[in-house]
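Only one chain is included here, represented as structure tokens and corresponding to the form predicted on its own.
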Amino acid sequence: MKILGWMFGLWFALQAMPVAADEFQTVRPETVGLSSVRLDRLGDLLDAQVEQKKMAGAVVLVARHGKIAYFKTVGVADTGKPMRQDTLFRVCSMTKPVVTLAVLQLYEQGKLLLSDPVAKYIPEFSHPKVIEMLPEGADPAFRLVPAKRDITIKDLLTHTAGMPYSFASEWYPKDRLLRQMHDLYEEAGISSGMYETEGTIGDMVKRLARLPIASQPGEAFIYGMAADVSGYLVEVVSGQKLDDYIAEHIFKPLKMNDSYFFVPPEKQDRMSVVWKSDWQGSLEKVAPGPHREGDYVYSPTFQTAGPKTFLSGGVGMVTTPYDYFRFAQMLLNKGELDGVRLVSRKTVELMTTNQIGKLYETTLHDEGWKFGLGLGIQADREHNVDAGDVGTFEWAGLYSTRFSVDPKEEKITIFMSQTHPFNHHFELWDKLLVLSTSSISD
């Protein structure tokens, strides 16, 4: 009996042990209609990027029909530290679909409507003003006009609320409106979430609410700070801190056991550092702490350790490729995973169909791409011959992380690196997606 008791004790102890990095369940690609030989081209492409010192390391995951068929690591996460399947990544704007889901859970509980004015929950957004630039050389440079209508929750989730990121002026240096918004944000202490700022997300959002917006609500796709307002909205409506709400209602039911806003001390050594690359062979590790490039301040160590007070709904999440696969698979499954439903099929349909009408999603794409709720949606193949099927949805993060879900083929592709600036990864991503798609063999 003592031996039997010892054996049961050992069995329970083994069940409680974390899964090792090389023990994630994968299947032979051919069992899900993918070609092993063709998938290997993904690794060859990434190996070449590392050999040419375009990036230090990366992970790519391809799944089909709910099963992981390819899970490749290349290079290093830090000097002398190989990239692993369970390396932790700052996924930056890939936080936005998760926060969108949190808002939609509250929507399904009857606690808000997408048509509700944001001011109903955050009164500081009452009576918004819109900035209109005057001809160049005029003094003052702009005037303020009343908004035609209130900013709604749907405007937040579709980035049609007129709230750009401050650093958008770096992307479009000739845009006088973005330059002006940058100056207003700097003066008011508005953080993109890429570095800590004074107080809580609520404090920052209230400062943001006092500023003019850059377009009439619903009339322009302007990517940026709306997701942080969404994060604070979750706090106001749920009565929980953003990280607590998401941990309880999204991470826990999806078994995303390596997803955080603040990484616990015992997992800090699994974080990848951030690397700066010109994608031409010049590669260097970015030292911790805030950095300024031009007018853009960012921090490669944002939100990795805690507890802190500032929780960014736009960029605050740290996770692993496997954990984010579980989130993506839930969306592909129309709101449920492993028998646990997070939202209804109809709500996922809202997320993954065009919600911006005749506007285009202009952050990662342009013509041929629309925007749902928190997600870019491929509308045609005429303008996107290198992308997937019509209806494919995806998003990306500032340190070169990206995911794509192709509902027609039931295929998920996830790429994670920690390489800055992220625009250099666009061509690599397109090639990865082509190789992923061309591996379909059934």
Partner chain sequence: MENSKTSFHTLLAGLLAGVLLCCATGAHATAPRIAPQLFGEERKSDVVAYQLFSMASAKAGDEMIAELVRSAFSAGGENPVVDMLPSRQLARYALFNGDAAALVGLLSDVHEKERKQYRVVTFYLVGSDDRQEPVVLACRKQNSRADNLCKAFEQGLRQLIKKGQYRQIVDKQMGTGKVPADILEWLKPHNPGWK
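Values in this document were obtained by computation on a predicted structure and should not be read as measured data. Positions refer to the first chain, counted from 1.
Just so it is clear, the following notes concern the form predicted in complex with the partner chain, a form of the same protein that is not shown.
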Pick from Ala188, Val340, Ala138, Ala287: which residue has any heavy atom within 4.5 angstroms of the partner chain in the predicted bound form? Ala188
Within 4.5 Å, heavy atoms only, which of Lys346, Lys111, Lys252, Lys148 is in contact with the partner chain in the predicted bound form? Lys148
With the cut-off set at 4.5 Å between non-hydrogen atoms, does Arg326 touch the partner chain in the predicted bound form? no
Indicate whether Gln180 is a 4.5 Å heavy atom neighbour of the partner chain in the predicted bound form. yes
Even though the partner isn't displayed, in the predicted bound form is Gly368 close enough to the partner chain, meaning a heavy atom within 4.5 Å? no
Counting only non-hydrogen atoms and a 4.5 angstroms cut-off, does Pro128 reach the partner chain in the predicted bound form? yes
All of Leu45, Pro82 and Lys276 within 4.5 Å of the partner chain in the predicted bound form, heavy atom check: no
Option from 332-340, 234-242, 276-284, 149-157 whose residues, in the predicted bound form, bring a heavy atom within 4.5 Å of the partner chain: 149-157
Taking only heavy atoms into account, state which residues of 99-131 are within 4.5 Å of the partner chain in the predicted bound form, ordered by sequence. Ser115, Pro117, Ala119, Lys120, Glu124, Ser126, His127, Pro128, Lys129
